[in-house]
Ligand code: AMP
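Next up is one chain by itself, shown in structure tokens, the form predicted alone.
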């Protein structure tokens, strides 16, 4: 990760991080990271890819620990700060982590492993003790650097191993494509056990010599207050965050709305990702901020691969075009290239693609074609030069009555109904249809089934219209705001 640390050296007195404890310069970040790396090394010269799991709050402490692990030659395994202990234990056991670092807020939840003889348990407060700074090992770019876990929507989460070279490619591609610079100032609100928060926001900012203000936990009012300082010019979030910001914005006085709209209009970049962005949210946010959100597409395994342009037309409901250095192709179920206007599975090649699933060689082999393309499992269509996601083959593509139906397409239509705040569409097993199209709705008021069905008939073919509707107070979601469709299905089968 030499590029990252070299960038920090270029701006020693610049503010790198702002969190609830204060402001920290790049020099302070490097010094603290080096000190922690010496603690981690203890009596060794190199951690030699030992897995170091850490549960630390977003901010100066988190970045210091992550950088220290890389400096000392370890593989960083960030733990989700909102997970219950069994989920944490799964990651610790799967990675066979031999070092665990806990911030003071998380010592209690990790208490069951503190006396485990196979684990060296370190509290963040241990790093405050003075220590002789040790020589840091030379790290080959092809060595393992980080293990992040997939969301596990269809099976147990898999550990995605990336190398230093992979991570540097993911960062540098976005820094170039989205024109990051040291004059940028962003906000970190996304979970730091996912690519979106770690790579797209935090690492791109620090690589560029920019400043990042961490806000944890998310609070719409506090976030708007940060915006009102006038410093922020780059913002990235998931659709559910934009939805919450819109709801909060609508409660403000007209004067505050006017002031905020003027401030938001001055941002240079706003991005949405990690889940499909409803066109209705994009249009509403445009009215508020003057920005059409930049949608992009990525995965834990590949970083970002496709993006709407920083400069140029951004098409609502489309994820854009292949990023520089990334190869994209769409194929059918027999792995043949599809016609230009036909839907197919997205497959990816490029230096940003992960190395392997940790400890799962068979799963790794299975997810790559024989000629080296990563099989994403996501179905897309190329429309006028822009890719449009239709859904995930096993989750969002419903096979009903001989048709392949995009759940995302139906959701988008439903969200245009003024009474529907949000929705989730899934397919459930049915002996007659194979799968039955059903929908869960969050509504402003009770809906009339006949009226809704008639409304839908004016907007889509009959075979796409859900055969069953239920009302929920909220949709089940994971830490990144994605609707967990397998959990949603249970509401229709119980």
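Everything numeric in this text was worked out from a predicted model, so none of it was measured. Numbering follows the first chain given and starts at 1. So that the term is clear: the rigid core is the largest set of C-alpha atoms that superpose within 1.5 Å between two forms.
Another form exists, predicted together with adenosine monophosphate; not displayed. Remarks below refer to it.
- Taken together, 275, 297 and 319 are fully in contact with adenosine monophosphate in the predicted bound form: each brings a heavy atom within 4.5 Å.
- Annotated contact segment (heavy atom within 4.5 Å of adenosine monophosphate in the predicted bound form): 397-405, selected among 397-405, 173-181, 111-119, 98-106.
- Although the partner is absent from this view, residue 314 stays clear of adenosine monophosphate in the predicted bound form, with no non-hydrogen atom inside 4.5 angstroms.
- Put simply, residue 165 is far from adenosine monophosphate in the predicted bound form: not one heavy atom of it is within 4.5 Å.
- Contact check for residue 389: a heavy atom falls within 4.5 Å of adenosine monophosphate in the predicted bound form.
- Under a 4.5 angstroms non-hydrogen atom cutoff, adenosine monophosphate in the predicted bound form lacks residue 419 among its neighbouring residues.
- With the partner removed from view, the residue among 169, 233, 150, 87 that has a non-hydrogen atom within 4.5 Å of adenosine monophosphate in the predicted bound form turns out to be 150.
- After superposition on the rigid core, the Cα atom of residue 403 is displaced by 2 Å or more between the shown form and the other one.
- Core-superposed comparison between the shown form and the other one: CA of residue 46 displaced by less than 2 Å.
- Between residue 389 and residue 463, the Cα distance is greater in the predicted bound form than in this structure, by no less than 3 angstroms.
- In the predicted bound form, the CA atoms of residue 390 and residue 463 move apart by 3 angstroms or more relative to this form.
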